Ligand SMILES: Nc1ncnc2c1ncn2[C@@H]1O[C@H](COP(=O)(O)OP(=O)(O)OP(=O)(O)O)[C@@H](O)[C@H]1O
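Okay, so here's just one chain, in structure tokens, the form predicted on its own.
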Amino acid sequence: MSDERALLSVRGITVNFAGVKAADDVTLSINRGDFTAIIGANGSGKTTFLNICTGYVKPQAGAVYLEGREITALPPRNIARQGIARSFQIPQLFTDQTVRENLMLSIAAREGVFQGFTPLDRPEYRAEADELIALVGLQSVADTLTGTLPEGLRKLADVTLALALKPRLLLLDEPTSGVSALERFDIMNTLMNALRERETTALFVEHDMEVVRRYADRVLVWDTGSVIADGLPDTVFADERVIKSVLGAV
């Protein structure tokens, strides 16, 4: 992959947890505009990589760069302000607030005006929240408490909160986890369309290989802290190492 298009780069990243290598001298780049999937068995280092990129885990060696600027030592909040947002496997929502209220809180946090659980219902925040709600088709549940939403809509709402931060790079941890088989493609279609509309690059961890085949431009395969394959989905899924080490375990 060419560094000329690189939005995010890591160089020689190493992380050990009690002697277990979660990242073993990893060097790679994520290119602007790509939808890149990370696959691998449980414990292979996928989520640790997202945590490194967002500042939740500091590597013992190596460095992380966003558009050539090192961000390794920055705290998560500062990294978010630099343009990297994160959506978690379990949606991180204020469950006693509506979808619109959650979005206004996220917008206020982006602007540096955050007052705990008190919705900041300013006209400009409401207008931006409603634009985001329309982007992902959540108009019918805009005034619904997020704690009462079905899992698929909770996932959409959570990702929309991340989009409210106006990221250049969005990291998604298992966006279809907990979503029914019937809903998963509708959810992913909506997410991908929203990301394209916002010109947002995406890196997502996923266990559903059909989702990866349909939506990833590129696949990174992790195994015990190392990237053992990197390429187009069809090429990666035909790799004997991936078939033997990963696909039988996910």
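When you see a residue number, it is the position in the sequence shown, counting from 1. Only a predicted model underlies this, so the values are computations on that prediction, with no experimental measurement involved.
Missing here is the form predicted together with the ligand; even so, the following discussion is about that form.
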- Message: Counting any heavy atom within 4.5 Å as contact, can you tell me which stretch out of 25-33, 213-221, 44-52, 184-192 lines the ligand in the model of the complex?
- Response: 44-52
- Item | Proximity of residue 20 to the ligand in the model of the complex, heavy atoms at 4.5 Å | yes
- Query: Do residue 130 and the ligand come within 4.5 Å of each other in the model of the complex, heavy atoms counted?
  - Reply: no
- Item | is_contact(residue 174, the ligand) in the model of the complex, heavy atom dist at most 4.5 Å | yes
- What residues in 189-211 sit within 4.5 Å of the ligand in the model of the complex, counting heavy atoms only? 207
